[in-house]
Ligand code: BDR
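Just one chain is shown here, as structure tokens, and it is the form predicted alone.
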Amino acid sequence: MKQVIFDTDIGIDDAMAMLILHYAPTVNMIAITTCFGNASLANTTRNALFVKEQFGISAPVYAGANESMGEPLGEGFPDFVHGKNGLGDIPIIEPTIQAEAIPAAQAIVEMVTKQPGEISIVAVGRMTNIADALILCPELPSLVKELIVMGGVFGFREHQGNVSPVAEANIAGDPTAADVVFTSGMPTTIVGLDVTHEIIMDTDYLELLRSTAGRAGQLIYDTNQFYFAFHERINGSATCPIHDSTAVAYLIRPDLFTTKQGPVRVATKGVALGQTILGQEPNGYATDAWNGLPACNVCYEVNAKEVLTLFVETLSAGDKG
């Protein structure tokens, strides 16, 4: 049973990832930590509490970072993607529960320190909470079992960024924090657009979730109406990639992915702000920017069909009440 902290800027795709974690039989979600990103910190925390309460999730919620550590790419929140409330503007019942008193970074440090080598972190938003935890506890890389990040893009199969030609939104939202995390030595796997753009949800798949996955399927269906409309406007097709849940798929079934290893740096300024760059031959470059740095695992291939099946099976086995 994997002990998991879910670090999230909970929007539409994050909610689906959270529900998969909740229902996965091999996962025990022990905490949910929130940050700004798809919406404000107030909204992402409210969204986490809403999903927690509606689905009887036991994991406590800890609110975290409300601004970036360094220069971000762009300003404001992507309400044109996730809606003003972050969940596709569906009606949200105001939660009757509250977030815990201590901040997310402190909670991460306390939990990992109490269970060294046992906790996996699945991070699907900005890296700010994880970077803040590293400041509080420089020994964190030796205490975390694994960190699985949904973020970045490396250009495999000609995939490009979604907020610039070379940058993905989660990393570009706080490039400085991401560079701190990726160079820290924490055992890190990066699940970027190179694989998430291979896992496509269409209207038939959304209907399948709605018909087989009970209340979870209905929430995913309802929130994704806004998300699908956004993607149809920009792509001309009623389909969308499945981003955050793909990081959860790696947690549960890493055998469905192929990775490359090497140090990863993030551009923290200039025209390439937010770009994730894998250095596979760090000692052969004219720059020493990758020299002596620990390696990350970077996903570059995925069995998309099996991942889609995994999502349906996990969600369909959940609560039908």
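Predicted, not measured: the structure shown is a model, and the values here were computed from it. Numbers follow the displayed sequence, beginning with 1.
Quick note: we don't show the form predicted together with the named molecule, though the next part is all about it.
K.L.:
Exactly one residue in 133, 249, 147, 150 has a non-hydrogen atom within 4.5 Å of the named molecule in the predicted complex; which is it?
P.N.:
Comparing distances to the named molecule in the predicted complex, the residue within 4.5 Å is 150.
K.L.:
Find the only residue in 105, 216, 177, 193 having a heavy atom within 4.5 Å of the named molecule in the predicted complex.
P.N.:
Residue within 4.5 Å of the partner: 193.
K.L.:
Would you please decide whether residue 169 lies within 4.5 angstroms of the named molecule in the predicted complex, comparing each non-hydrogen atom pair?
P.N.:
Yes - in the predicted complex, heavy atoms of residue 169 and the named molecule come within 4.5 Å of each other.
K.L.:
Determine whether any heavy atom of residue 181 comes within 4.5 Å of a heavy atom of the named molecule in the predicted complex, and answer yes or no.
P.N.:
Looking in the predicted complex, residue contacts with the named molecule do not include residue 181, since no heavy atom lies within 4.5 Å.
K.L.:
I'd like to know if residue 85 sits close to the named molecule in the predicted complex, meaning any non-hydrogen atom pair within 4.5 angstroms.
P.N.:
The answer is no: residue 85 has no heavy atom within 4.5 Å of the named molecule.
K.L.:
With heavy atoms only and a cut-off of 4.5 Å, decide whether residue 124 touches the named molecule in the predicted complex.
P.N.:
Heavy-atom contact with the named molecule at 4.5 Å: present for residue 124.
K.L.:
With the named molecule left out here, work out from 293 to 301, 20 to 28, 307 to 315, 7 to 15 which stretch has heavy atoms within 4.5 Å of it in the predicted complex.
P.N.:
Heavy atoms within 4.5 Å of the named molecule in the predicted complex occur in 7 to 15.
K.L.:
Going by heavy atoms, what in 27 to 57 lies within 4.5 angstroms of the named molecule in the predicted complex?
P.N.:
The one in contact is 38.
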